[in-house]
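Included below are C-alpha cells for two forms of one protein chain, each presented in isolation as structure 1 and structure 2.
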Structure 1
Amino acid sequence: MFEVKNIEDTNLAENPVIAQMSKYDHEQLLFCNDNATGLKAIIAVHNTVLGPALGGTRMWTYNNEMEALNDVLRLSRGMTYKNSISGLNLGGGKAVIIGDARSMKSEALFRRFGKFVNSLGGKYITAEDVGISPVDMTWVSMETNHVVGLPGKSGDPSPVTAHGTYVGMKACAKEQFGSDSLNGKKIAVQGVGHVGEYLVEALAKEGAEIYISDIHEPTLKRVSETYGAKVVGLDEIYDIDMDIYAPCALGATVNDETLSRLKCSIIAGAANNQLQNEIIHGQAVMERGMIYAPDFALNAGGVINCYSEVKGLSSEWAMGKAEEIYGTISNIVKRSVAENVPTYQIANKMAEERIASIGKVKLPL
C-alpha cells in the first residue's frame, strides 16, 4: 500500500522514473510520441484496484519533460484518492500533453492521442482538464470510446460540484457550530465562476450573509445583484469578519500569510489544492481550531458527474451521490478530532483504507 505523504512530495530530478513510480505505487506509464502530428504526451495510471483509472488530460507548456512527468505522477495519484474517498468504483489516472494549447492543437494530434488512450483498452478513461476544450475531446473520441464529458453527454459538472461543496460545508457547520443551518452565517466565496455562482445561489436560498470577490467585474456585478451578495476586494476577502471561507477560484490560498489574517472557523470551497503545503498548513489550520474540508473530498461532484456518464446513470443520480459528501465530510471531521490528526490526512487514510479493503477482493486491472 502506498503511504500517506505530502501530495506535492514528488521529485523526479533526484530519482529514475521507475524508482519514482515505485515510491508511490504507480501501476503504469505510457509515453506517447508522434513526429507527424507533434504529439508528445504521458499517460499515468496510478491505481486501478477500484476500477478503471479516470482523470483528465492537461495540455501545458512544461519547461521540460521531467516537469511534465512530475505533474502527471502527482495528478494521477491525486485522482486515486479523490475517486476512492468519493465511493466511486474508479481508479486514478491522468494524462499530460506537452505543448502550447494556443498554437499546437490539431485534429490529427488529438486523434493520435485518442489512439494511445485506446491502446490501454479502457484501463484509462480521459476527460477535459486545463488547456483542453470540448472540441479537442470530440477529436479524441473519434479514436476511442474511453472519454467522458463530451458535449451532449453528462454536461457541465459545476452544479454537481457546487451541490457537493454546499452539503459538505453544512456538515462542517454541524461539527463546528452544532447545527448545519447556514442561515445568517457570514460566508465569503472567492471566485463566482461556474461553481462559485451555483454555490452562492444555494447559500442565498438558505439565508446566509454572502460576501464575494472575483477578478471579472461583470460577473461580480451580476452575481452580486442576482443574489444580494456583498462585493469585497480581491485581497480584502482574507480580512473580513466571516464564519466560513469558501475558496472557489485559486489553489494555495491557505498559506502563512492568509492564515494570520483569516478569522473564519471553517474553510470549505471547491478550488483544488487549497493548502499551499498540506503538512504545514493542514496542521496550522487544525491548531487554530478551524475545520478544513479536504478539497478533493468536497469538490468530488465533478468526478461523480463523469462517473454517471461512464455508468450511464442520470443527472439525478449524480446529485444524489453528491449528497453523500455530507456524510463523508462529517466522518472525516469526527475522526480528525478523535485522532487529533489534520483532516486532509484523515481523508487520505480513508481513501487508502477503501482501496486496501476492496483490494482483498479485486486485483488491479
Structure 2
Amino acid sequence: MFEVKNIEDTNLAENPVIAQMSKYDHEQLLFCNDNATGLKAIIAVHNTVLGPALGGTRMWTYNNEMEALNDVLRLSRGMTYKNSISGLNLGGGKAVIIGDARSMKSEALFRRFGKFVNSLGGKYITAEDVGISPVDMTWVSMETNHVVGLPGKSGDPSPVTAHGTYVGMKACAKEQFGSDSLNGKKIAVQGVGHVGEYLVEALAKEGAEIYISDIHEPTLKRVSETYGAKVVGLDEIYDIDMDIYAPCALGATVNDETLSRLKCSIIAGAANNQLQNEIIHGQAVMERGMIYAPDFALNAGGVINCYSEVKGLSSEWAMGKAEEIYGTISNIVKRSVAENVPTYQIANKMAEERIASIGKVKLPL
C-alpha cells in the first residue's frame, strides 16, 4: 500500500509511517493487501501491556491511504485507553478496511482479512465497528478464532455501547445541572446507526427532546418516525439551541469551526476521537464551561461486551459493568474541576496510571 522504490535509499527517520507509529507509541502495524478479493486494510496494535489488543474493524471509504493510517493509529491508541480505564485486562488495537461498506463486501474479502488477523497469533482480537456487521465477523471467524461479537455469542455490542453512553451522559447532567434526569433536555444525536439508534431509544423513554442527523436518509426517517425525534441537517445540528451534543458518527466533529457554533453545556456521545485536537479543543471546551465526557471512557460498553465473550461472561455482567461508566465519568469530571485541567487529561492520566502499574507487575523477577 505504501510504495518504497529502493529500500536501501529509504531513511526510516523520514518514513511517514514510522514517524506516525513513533508519535503514538505503537507496537506494530500490519498492512494487508489482496488483489484477488480487493482487500486493502491496516491492523494497528498499540499496546499489549494489559493483555491482547482488542478493538473493532472499521470499513470506510477513505480519501487516501494516509488518512486511513492516521485513523487506525488514533483509534487503536484510544482502545488502549478505553480498555485500561474500564478495568479490563486487554490492550488496544484497531483495524480499518479501505472500501465502500455498501458495495464491496464479500465472503472472500472478509475471510482473507481473517487470515491476516490470524497471522498475528492472538496479539490482536477483532470485532465489528463502523461499516461492519456481526455477519461480516462470522466470515472472519472462518479463518481465525481471534474474533468476538459473533451472532449467538455476545453478539452486537451496540446496545451495551449505547447504554454506557446513556448512563455516562446522565453522570454529566448530574454534575452540570444538579440532577441526572434527562427529561425535557434538548439532546442532538449526530449519527443514528447501530449505537445512535439505541441511544435515541433510551433518551426517548426518559422524555428528552431529541434532534437527529445522519448521512443515510432511510435510517434517519425510520428512527425519526419510531422515536419522535426531529430531523435536522448534517450541518444544521451544530447550531441547535441544545443542552447536550451527542456525536455518534465519525470523529473530529469538535473543532475550531464547530466550537464557535455549539450551544450546549455537555458534549457526550459514542463516537471515537471527538476532539479534532485533544490538546487545543479539550482546553477550549473547558474554557467555554462545557463538560466533555472523554469518548474512550464513555463509549466503553462495546469493548466491555466483547470482553465478556472473551472471558465467557454473561450479557448481564456486561450491562452491569457498563453501568460503572456513570461512576467513571463522574469521577473524571470531579477531578477535572478540582485540578482545573480538561477532562481528557484526567481520563488519559487514569488510563496511563493503570497501564504503568500493571506493567510493573508483569516485569520478570
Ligand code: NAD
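Numbers given to residues start at 1 and step along the sequence of structure 1. Since the structure is predicted, the reported quantities are computational estimates derived from the model, not experimental observations. By rigid core we mean the largest C-alpha set that fits within 1.5 Å across both forms.
Here the form predicted together with nicotinamide-adenine-dinucleotide appears as structure 1, and structure 2 shows the other form of the same chain. The Cα shift for M319 between the two structures, taken after rigid core superposition, is smaller than 2 angstroms. Relative to the superposed core, N35 undergoes a C-alpha shift of no less than 2 Å between the two structures. Once both forms are fitted on their rigid core, the CA atom of T138 lies 2 Å or more apart between the two structures. For M104, the displacement of the CA atom between the two structures, after superposition on the rigid core, amounts to 11.0 Å.
After superposition on the rigid core, the Cα atom of K94 is displaced by 4.6 Å between the two structures.
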